[in-house]
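Consider the single chain below, provided in structure tokens and representing the form predicted alone.
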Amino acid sequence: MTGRAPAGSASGTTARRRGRPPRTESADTRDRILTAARDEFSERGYEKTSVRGIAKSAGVDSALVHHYFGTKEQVFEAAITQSFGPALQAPRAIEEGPLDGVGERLVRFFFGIWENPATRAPLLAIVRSALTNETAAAVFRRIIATQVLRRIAVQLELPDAELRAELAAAQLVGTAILRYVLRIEPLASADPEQIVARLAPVVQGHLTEP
């Protein structure tokens, strides 16, 4: 008689669960992992977050996190892409009207996201991680460059379009960091309309002026 466990035994089930997850794993598992990752990165920052901690928070084995997303960096990128989703629609602000009003449209769109508590919280987590960890910063830069700035530059169809888009982004992101992350006064308490009024001409100049 061998020591091999029957196929339906607990040890047989455990053996099957090692490595790749069973096919019956639902899409809900992936979403649960992603939600847990976003919460962990938000609460602990990039450096203190681990794949094991994400798995524990999601109620799954670490192998499932690696199966769906790969490394911690890849988990972070997936969490960023989901959390940053509304901001990735920024190029549409350029499509929706003439270029002579693009500065105001872009500023209103950008700060509309930041002023909404539901969309501000995940953005804060992303920016804080990017400011304190080079790996997180590299992921953040890659997403901004490929999914926002280049798409804006293509629509401008002007000389130095990429530089123009980057300067406009620097104006917006820099203001957001001072207002929402560092909370420097009086900017932190300024009326959003006042911010739009002051920034719109500057962003417009970066994007379209000679």
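Bear in mind that the values here come from a model prediction, so they are computed numbers and not experimental data. Heads up: residue numbers just count along the shown sequence, starting at 1.
What follows is about the form predicted together with another copy of the chain, which we do not show.
This chain lacks the partner; the member of E166, D31, D61, D39 within 4.5 angstroms of another copy of the chain in the model of the complex by a non-hydrogen atom is E166. Proximity of A170, I177 and R198 to another copy of the chain in the model of the complex is complete: all three residues have a non-hydrogen atom within 4.5 angstroms. Exactly one of the stretches 74-82, 129-137, 114-122, 89-97 approaches another copy of the chain in the model of the complex with heavy atoms within 4.5 Å, and it is 129-137. Another copy of the chain in the model of the complex is approached by D160, whose closest heavy atom lies within 4.5 angstroms of it.
With a 4.5 Å cutoff on heavy atoms, V148 does not count as touching another copy of the chain in the model of the complex; it lies far away.
Though the partner is left out of this view, V154 does not reach within 4.5 Å of another copy of the chain in the model of the complex, counting heavy atoms only. For the chain shown alone, H66 is not a contact residue for another copy of the chain in the model of the complex, no non-hydrogen atom being within 4.5 angstroms. In the model of the complex, K48 is the single residue of 46-81 with at least one heavy atom within 4.5 Å of another copy of the chain.
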